[in-house]
Ligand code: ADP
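A single chain comes next, written as structure tokens; it is the form predicted alone.
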Amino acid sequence: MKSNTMDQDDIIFVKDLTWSYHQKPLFNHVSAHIKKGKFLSVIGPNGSGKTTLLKLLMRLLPVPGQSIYYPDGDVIHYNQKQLARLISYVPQQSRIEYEFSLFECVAMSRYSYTDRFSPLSPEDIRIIDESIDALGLSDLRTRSATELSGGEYQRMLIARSLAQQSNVIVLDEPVSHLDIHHQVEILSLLRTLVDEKGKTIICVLHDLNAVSYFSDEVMLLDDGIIISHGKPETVLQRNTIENVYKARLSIVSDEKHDRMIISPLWKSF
């Protein structure tokens, strides 16, 4: 049984969260420990509450007091700059329609470290440049964000999160609209941020094979309930996944990579 208080290795603690949308209950006394320095995948059917949970963690939706805690206490007591230094967000769909350069878009992440209308400091510029370099975007530094490909744009958003220097990066379906090459590229990059920089990644994903391969932990949601939360091999059990997704699956072990390969059993018509 997990404790009812924030553990030492927690980065976020969700405690007895109850939340409704237009008087329709979604979360009812939900609790979870999210560990620092881990890659957590949040999975579940459409409408299960994944995006809403992320937005509550980010305080993008009204959060009831004494329900979400960060290392310095209740999230409702954080001001916007304090929250931005702790956690950054890469939304599901986001396109910049103005002619900002890639550098300018990444530079927006530094607002929590500067006064309003203050110019970027040499330290800000160094951090921005290093973040752009880390994502392999140096050659696109001056290109308009409106001219970037889907993969380039997604990398720019992650570079912006990196320049924000937050300990936690929250991503809502970051690879859903990308081809296989760019999916692997983005998820491998996120894995590197965990392994080499100690970041905590909280990521909504639909591809269960990607979840199996890249995750340290998995949280399975269904209708606002955490059905299972733990290591991939614990959560991605065939009976559990079949019951939640209402689909028949084949799950075999990939011994070389110590992961599972999950495939739907397609019906014949």
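Quantities reported herein were computed from a predicted structural model and do not represent experimental measurements. In this text, residue numbers run from 1 along the sequence as written.
Note that the form predicted in complex with the named molecule isn't included here; everything after this is about it.
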Is the gap between Leu26 and the named molecule in the predicted bound form 4.5 Å or less for some heavy atom pair? yes
In the predicted bound form, does His22 come within 4.5 Å of the named molecule, counting heavy atoms only? yes
Asn239: touches the named molecule in the predicted bound form, heavy atom cutoff 4.5 angstroms: no
The named molecule contact in the predicted bound form: Ser48, any heavy atom under 4.5 Å: yes
Partner-contacting position among Ser67, Ser228, Ser212, Thr52 - heavy atom within 4.5 Å of the named molecule in the predicted bound form: Thr52
